[in-house]
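A single chain, nothing else alongside it, follows as structure tokens in the form predicted alone.
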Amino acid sequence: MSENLRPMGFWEKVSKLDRRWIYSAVAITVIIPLIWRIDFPVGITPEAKQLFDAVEALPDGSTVMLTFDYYASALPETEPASRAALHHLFRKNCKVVTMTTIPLGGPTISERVTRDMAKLYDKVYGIDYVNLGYKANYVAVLSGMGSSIEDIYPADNSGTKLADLPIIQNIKNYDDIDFIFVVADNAIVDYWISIVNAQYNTPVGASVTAVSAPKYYPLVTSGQMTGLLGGMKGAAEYEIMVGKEAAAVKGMSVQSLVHFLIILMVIMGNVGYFVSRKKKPQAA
């Protein structure tokens, strides 16, 4: 029988599977955990636990600066970390000062997230938290706040003079900031470490994108950073420790299922390829 007329076996069909079926399988795998909750274990890394413990150890009512140093393109990895951090900080009745070094989207994101979270804890703007917004030239901004926050930010993100906000009366510079929680998708973390931590000895912890995380683990080991969250998994870890499982935990379920599917397809594709090659008639 001609090879073209010979019916294909299962593995041969797998090796020649139309890619549209693969795309469909991935789409279904993404949709399922978004409709029905599927829980996968999320291990807590020492770096994430260190960051959580550092915030947890702050006396209630401490002042914490939370940064929104990320673009909208990184929201799935970064916004869940910001929300989990605010759960933790507002629950401890910390005074929260937010800011961003990102001109495009940063001020809008920080405004939206902080006001959403403040409503959950009945926090009052100007008393319990303040959003400084964005200022250009981040090196000058980070350095200048060491002398006076109000000199760098005469007004908040909405244009209200800082002098008119009660929360700022006791916050002059980094000496009045107990901890800095940086959430970023870029190398701005380097400057928070080299300028703020190194020069003013203010403790800095960070949540960064997964691709950036390996760069910063040595800084945790050296003591220059107080804890680290890496990507969506890091945000999911913090959600779990805070007891507020949300977008990151759900995202990890989607990500895990898709990874399992990809691994399965790679294995099946390779088996199909080798079985099909073995069945081909050898040339005389």
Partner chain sequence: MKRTVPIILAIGSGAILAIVFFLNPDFKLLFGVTSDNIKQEVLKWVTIVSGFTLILGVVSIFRVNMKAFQQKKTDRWYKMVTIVSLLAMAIPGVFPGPATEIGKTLYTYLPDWIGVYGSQNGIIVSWLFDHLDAPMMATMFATLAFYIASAAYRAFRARTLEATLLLAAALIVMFWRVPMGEAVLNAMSPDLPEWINTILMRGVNASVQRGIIIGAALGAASMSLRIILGIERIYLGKT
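Predicted, not measured: the structure shown is a model, and the values here were computed from it. Residue numbers count along the first chain shown, from 1. If you superpose the two forms and keep the largest set of C-alpha atoms that fall within 1.5 Å, you have the rigid core.
Form predicted together with the partner chain: not shown, discussed below.
With the partner omitted here, the residue from Ala140, Val124, Ala187, Leu120 that has a non-hydrogen atom within 4.5 angstroms of the partner chain in the model of the complex is Ala140. Using a 4.5 Å cutoff between non-hydrogen atoms, Thr101 does not count as a contact of the partner chain in the model of the complex. By the criterion of a heavy atom within 4.5 Å, Glu239 is excluded from the residues contacting the partner chain in the model of the complex. Contact annotation: Lys215 falls within 4.5 Å of the partner chain in the model of the complex, judged by heavy atom distances. Contact annotation: Thr45 falls within 4.5 Å of the partner chain in the model of the complex, judged by heavy atom distances. Shown here without the partner chain, the chain has Leu104, Gly105, Thr108, Ile109, Glu111, Arg112, Arg115 in 95 to 131 lying with a heavy atom within 4.5 Å of that partner in the model of the complex.
The rigid-core alignment places the CA of Ala57 less than 2 Å apart between the shown form and the other one. Once the rigid core is overlaid between the shown form and the other one, Thr29 counts among the residues whose Cα shifts by 2 Å or more.
Core-superposed comparison between the shown form and the other one: the CA of His259 exceeds or equals a 2 Å shift.
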